[in-house]
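Next up: just one chain, as structure tokens, the form predicted on its own.
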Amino acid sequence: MSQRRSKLKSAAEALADIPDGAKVLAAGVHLSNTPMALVRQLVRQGTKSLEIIPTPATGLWVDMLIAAGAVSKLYVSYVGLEFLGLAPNFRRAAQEKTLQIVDVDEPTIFHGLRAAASGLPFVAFPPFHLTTDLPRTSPDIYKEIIDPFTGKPAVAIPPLCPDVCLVHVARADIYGNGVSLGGRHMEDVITKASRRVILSAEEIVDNAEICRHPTHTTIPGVLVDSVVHAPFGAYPGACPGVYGYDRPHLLEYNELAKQNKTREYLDRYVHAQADEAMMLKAIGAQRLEALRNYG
């Protein structure tokens, strides 16, 4: 135990060697627990041609990376801004065919990640998908096979294995043991499926605190490669149990995105700020504090 090394790094250090063309997944569901601080760092450092494997219910981070010109391929069942509707930059890219889209459904994403996490060569589904357009629109994903036990048709899908997984939690220690206060959202499957895991946390706590409540650990440190201290790291989304989402900020993003002006947003909140500390300072401490959950 005493020989363990700290995995604590800055966002720039943790993400610096993510190459162009990497397969990237960011955890979270809708606007909750999305590692936005890490995503903004990807935009700042200009990483390009990313292949995005999202969670089944994803949105802001994907839309932002599309606007930044960082995405070349996207596996998708849904990309939206929750109460604001479909993500504008995603919708525009789909309509204009400027992005390679692999059309899949939610079970395909979940079970594709589960296959990668379990080391399975593929996952077999009942033949339901043969009644949909998915095998036609995504023939590289859906393959008709014969069930060797019954001789009846079935559908096979491949494992989905991200090169890099980005995760945000409420608390973590320097060894990567992470605690989410908002429940579990596939983090166990996602982190096991990925070749590399970068964890950001609102608060860095002592390992003794983690050990006092071992059943609260959402992600064990053995799966984590880097830890980043990122207060308000899910902003403008929510980190359940810590703070809620910033509705006016999300409305601002959405209005600019609908007008195809997300570059203005990125210039203001990402490129003009050297790091996350500067970005949060620009937002304002009073505004951020008002989002905190008390009680």
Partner chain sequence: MDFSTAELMAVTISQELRDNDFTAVGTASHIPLCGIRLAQRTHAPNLWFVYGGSGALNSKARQLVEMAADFRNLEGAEYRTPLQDIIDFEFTGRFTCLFLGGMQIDQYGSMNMVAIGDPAGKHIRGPGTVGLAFTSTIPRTLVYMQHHDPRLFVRKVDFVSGRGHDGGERLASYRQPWCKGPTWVITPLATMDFETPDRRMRLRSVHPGHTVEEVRDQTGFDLAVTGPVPTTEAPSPERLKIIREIDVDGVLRR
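Residue numbers count along the first chain shown, from 1. Quantities reported herein were computed from a predicted structural model and do not represent experimental measurements.
Missing here is the form predicted in complex with the partner chain; even so, the following discussion is about that form.
Trainee: Answer yes if any heavy atom of Ser118 is within 4.5 Å of a heavy atom of the partner chain in the predicted complex; otherwise answer no.
Mentor: Answer yes; at least one heavy atom of Ser118 falls within 4.5 Å of the partner chain in the predicted complex.
Trainee: So in the predicted complex, does any heavy atom of Ile198 sit within 4.5 Å of the partner chain?
Mentor: Heavy-atom contact with the partner chain at 4.5 Å: absent for Ile198.
Trainee: Taking the partner chain as it sits in the predicted complex, is Phe232 near enough to touch it, meaning that at least one heavy atom pair lies within 4.5 angstroms?
Mentor: No, Phe232 stays farther than 4.5 Å from the partner chain in the predicted complex.
Trainee: How about Tyr269: is it within 4.5 Å of the partner chain in the predicted complex, going by heavy atoms?
Mentor: Tyr269: no contact with the partner chain in the predicted complex.
Trainee: Check, residue by residue, if Lys73, Val227 and Tyr253 all come within 4.5 Å of the partner chain in the predicted complex, counting heavy atoms only.
Mentor: Judged in the predicted complex, none of Lys73, Val227 and Tyr253 sits within 4.5 Å of the partner chain.
Trainee: Heavy atoms within 4.5 Å of the partner chain in the predicted complex is the criterion; list the residues of 71-98 that meet it.
Mentor: Sequence-ordered list: Val76, Ser77, Tyr78, Val79, Glu82, Phe83, Leu86, Phe90, Arg91, Ala94, Gln95, Lys97.
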